[in-house]
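Coming up is one lone chain in structure tokens, specifically the form predicted on its own.
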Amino acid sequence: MQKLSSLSRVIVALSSLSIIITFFIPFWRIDLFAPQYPEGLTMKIWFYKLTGDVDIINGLNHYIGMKKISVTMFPEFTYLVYVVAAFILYGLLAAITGSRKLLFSYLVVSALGGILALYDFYQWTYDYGHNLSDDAPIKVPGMAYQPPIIGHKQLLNFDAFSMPDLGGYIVVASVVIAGIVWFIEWRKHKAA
């Protein structure tokens, strides 16, 4: 079985280790803009906490009957740090062993993990935007307030934007780099 070159191993190891940075920075963000908040409101999502204008957003969302956003709403925060650590070790194992098959399985698991994470986030946003309190001061018949998963959505007079933050881009870049390394190695050994 053909092994990864020494340079490829180093690149995969460094790209995997770069994910450690995501423990110290947010990986996702939701930005809200409205005439009364031209500077915008931001909620930053980390692997284990929420930061930003969460209290202000909760105050506004109360009027339309949305639940209060809190860390306890996200059971994923109790284990996500360990999942990311295991993901880093998986990439390092592929680099240390030099196994192209292990690197390929790392890429498959990464893709599946990303799909599952987006699906989980969709489930949360659906519940958050559709299950509104009957006691809400403001009720708009037939209106749901599900935030976007990725991109932009108009919610009443708010423009809501949901996108990766720096940590999310680091994870994506790490996987893309590992994918490029795998493809180059696969082509090189196929040609040989």
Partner chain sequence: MRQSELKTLALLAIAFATTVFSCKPKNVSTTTSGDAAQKVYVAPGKYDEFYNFVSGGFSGQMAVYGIPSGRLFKVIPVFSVDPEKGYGYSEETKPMLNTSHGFVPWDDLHHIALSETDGVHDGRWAFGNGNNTPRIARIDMKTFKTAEILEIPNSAGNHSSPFITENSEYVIAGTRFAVPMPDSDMDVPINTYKDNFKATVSLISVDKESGKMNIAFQILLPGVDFDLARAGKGKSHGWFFVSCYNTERANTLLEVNSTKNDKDFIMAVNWKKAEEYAKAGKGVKKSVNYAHNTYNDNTHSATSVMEKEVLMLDPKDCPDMIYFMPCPKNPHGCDTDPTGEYIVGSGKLAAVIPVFSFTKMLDAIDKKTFEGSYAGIPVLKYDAVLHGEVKKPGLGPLHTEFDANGNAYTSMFVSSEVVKWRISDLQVLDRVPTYYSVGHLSVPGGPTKKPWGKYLIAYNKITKDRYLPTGPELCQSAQLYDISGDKMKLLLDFPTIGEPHYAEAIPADMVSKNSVKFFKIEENKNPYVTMGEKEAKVERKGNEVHVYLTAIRSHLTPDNIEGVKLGDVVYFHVTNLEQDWDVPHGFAVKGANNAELLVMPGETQTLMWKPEKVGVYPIYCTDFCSALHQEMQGYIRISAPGKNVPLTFSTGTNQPKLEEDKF
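Keep in mind it's a predicted model, so treat the numbers as computed, not measured. Numbering follows the first chain given and starts at 1.
Below, we refer to the form predicted in complex with the partner chain, which is not included among the displayed structures.
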Quick one: of 17, 25, 10, 180, which gets a non-hydrogen atom within 4.5 angstroms of the partner chain in the predicted complex?
-> 180
Looking in the predicted complex, is the partner chain within 4.5 angstroms of a heavy atom from every one of 35, 62 and 169?
-> yes
Does residue 161 reach the partner chain in the predicted complex if we count a contact as any heavy atom within 4.5 Å?
-> yes
Does residue 39 reach the partner chain in the predicted complex if we count a contact as any heavy atom within 4.5 Å?
-> yes
Examine residue 187 and determine whether its closest non-hydrogen atom to the partner chain in the predicted complex is within 4.5 angstroms.
-> yes
Find out whether any non-hydrogen atom of residue 135 is located within 4.5 angstroms of the partner chain in the predicted complex, and reply yes or no.
-> yes
The stretch from 47-55, 161-169, 121-129, 66-74 that lies within 4.5 Å of the partner chain in the predicted complex, judged by heavy atoms, is 161-169
